[in-house]
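Have a look below at one chain only, the form predicted on its own, in structure tokens format.
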């Protein structure tokens, strides 16, 4: 079981973080990552609008359920799973097709982001993520998964 890469996209569709963890995917340029982020953002927005049935309105005081767009893309070589936060930040996790509990893994990545990026007083929203502690914790977590 392998986690190949992580991409984080801000709510405007800009690439704010990308990290490769394993050599299972072909290498692409930084420009290609930027194009991938923008393209995915657009496709996600369109697929969210295509959702045929709106969830019923929640009781008073509760937040309405977010309409989801594209969540999983699977090929014969890898799976890309998207986790969309309430603030519109998207986490794209690339794994092999046999990886189990990807939703749990991507939620843990989000927790690391919340703890080490969002609580960092030097981080500016919507800007590229440059947080050494987040990188170390993320690398450690993914290494643990890839060594199972």
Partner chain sequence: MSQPSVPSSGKDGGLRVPSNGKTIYHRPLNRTKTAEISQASFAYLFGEMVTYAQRRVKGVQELEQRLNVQGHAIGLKLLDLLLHREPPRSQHRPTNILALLHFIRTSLWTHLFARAADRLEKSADPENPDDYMIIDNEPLVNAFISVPKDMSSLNCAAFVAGIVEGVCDGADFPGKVTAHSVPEGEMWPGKTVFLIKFRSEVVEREAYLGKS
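Here the structure is a predicted model, which is why all the values come from computation and not from measurement. Numbering follows the first chain given and starts at 1.
What comes next is about the form predicted in complex with the partner chain, which does not appear here.
Not displayed here, the partner chain is approached by residue 116 to within 4.5 Å at the level of heavy atoms in the predicted complex. Looking at residue 132, you'd find a heavy atom of it within 4.5 angstroms of the partner chain in the predicted complex. Using a 4.5 angstroms limit between non-hydrogen atoms, residue 120 touches the partner chain in the predicted complex.
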